[in-house]
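One chain comes next, on its own, written as structure tokens: the form predicted alone.
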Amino acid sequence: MKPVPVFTFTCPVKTNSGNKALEHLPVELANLNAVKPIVITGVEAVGGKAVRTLAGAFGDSGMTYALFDGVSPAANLALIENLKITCIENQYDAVIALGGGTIVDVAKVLNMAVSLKTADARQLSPQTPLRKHLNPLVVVPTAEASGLETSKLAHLDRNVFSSEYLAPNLVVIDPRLTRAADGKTIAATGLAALSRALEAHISTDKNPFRDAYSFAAIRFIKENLLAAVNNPGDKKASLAIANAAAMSGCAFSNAENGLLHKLGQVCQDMQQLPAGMVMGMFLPSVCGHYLNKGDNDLAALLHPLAGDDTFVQTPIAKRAEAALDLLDRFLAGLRGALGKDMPQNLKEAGVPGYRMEEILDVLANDRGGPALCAMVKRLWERQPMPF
């Protein structure tokens, strides 16, 4: 490996993963000088069993906690203001997010509002300065996670907050909570993690620390996602996907937002589609674009996808093509397992024609607007082309 003369990598997230990882939570909170946390979740999203499992982790620790289980996809800054008042009045000193997606976004922005002693959380914006560490934040992901839970981003109320201080102090990955109810859910998690890790891994600004996270995330997904889709109750496979999602968020935070992330996020925000499914749909188009552009190191994907022997034995000039062939076969396997639950174009995904113009208008304002809009137009009704 050639040394990289200058690079920056930031990852404030500690990870506890494995059997009964939750049982260590009270000790970890105490190490963060927290004694009275509030748990933020959405019972409709995570289910009562997940809430009871988390509650059981406190056991006889003597630590008291509060529970708010009403987070919904419609959460907004008004909710943050109400929760902020509750936290300040009751002197809650840490936030625990149980779940993924919007639940963690709410927890991140709430932690920001409480830590900054914001007068009115409804006035928070992406321009609100964040220059110091916030109160302790713990994320306990479930199968609905997307990978952004461990990242520096929080999406709420059409706002995108971004700061390394928004990332959690601790992520606790417990296999009792990572098994999905169906293959579609775990596929969305895995494809979101794969897409963000892939774009970080082929980034033009090389970074050995980021590559370590993205490499492991890609390898875990390649080896375990199909097994998890075929059997969502598979403890080992689902835990591997949850670990990959967490690692992808750390890698993603140290790279520029890629085309796949942008496409997935816009379709999720505007059409409530699972971002991972949208990213999986666009993977062939985006990778083809990167290949034709020639700036990204697509050849580097072969190593995590195929392993040491195949990578070494494949001529350098053919590694990018071999990597994309493996990805194409991997996606074909997922489509075979999921059938209609893995749509191949936006029309199949349920995007109505009248929303297409709105999606295109938003994407057109992005720096990569022309390429993004062209791919969306091509994938309105047509099936994705192979790499």
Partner chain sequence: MKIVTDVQEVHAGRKPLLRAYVGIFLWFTGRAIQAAARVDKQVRKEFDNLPDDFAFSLGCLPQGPWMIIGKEKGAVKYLGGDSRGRHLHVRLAIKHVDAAFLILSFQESTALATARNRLIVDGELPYALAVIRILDIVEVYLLPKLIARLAVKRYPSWWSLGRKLGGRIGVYTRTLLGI
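Residue numbers count along the first chain shown, from 1. Keep in mind the model is a prediction, meaning the values are calculated, not measured.
FYI, the form predicted together with its partner chain isn't displayed, but the following is about it.
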Exercise. Among 76 to 84, 160 to 168, 269 to 277, 140 to 148, which stretch sits within 4.5 Å of its partner chain in the predicted bound form, heavy atoms only?
Worked result: 76 to 84
Exercise. Heavy atom within 4.5 Å of its partner chain in the predicted bound form: which of Val43, Leu326, Leu360, Met63?
Worked result: Met63
Problem set entry | Glu23, Ile38 and Arg122 each touching its partner chain in the predicted bound form (heavy atom, 4.5 Å) | yes
Exercise. Counting only non-hydrogen atoms and a 4.5 angstroms cut-off, does Glu28 reach its partner chain in the predicted bound form?
Worked result: yes
For this session: Flag Gly336 as yes or no: does it have a non-hydrogen atom within 4.5 angstroms of any non-hydrogen atom of its partner chain in the predicted bound form?
Result: no
For this session: May I ask you to state whether Tyr290 is within 4.5 Å of its partner chain in the predicted bound form, using heavy atom distances?
Result: no
Exercise. Might Gly350 be said to contact its partner chain in the predicted bound form, defining contact as any heavy atom within 4.5 Å?
Worked result: no
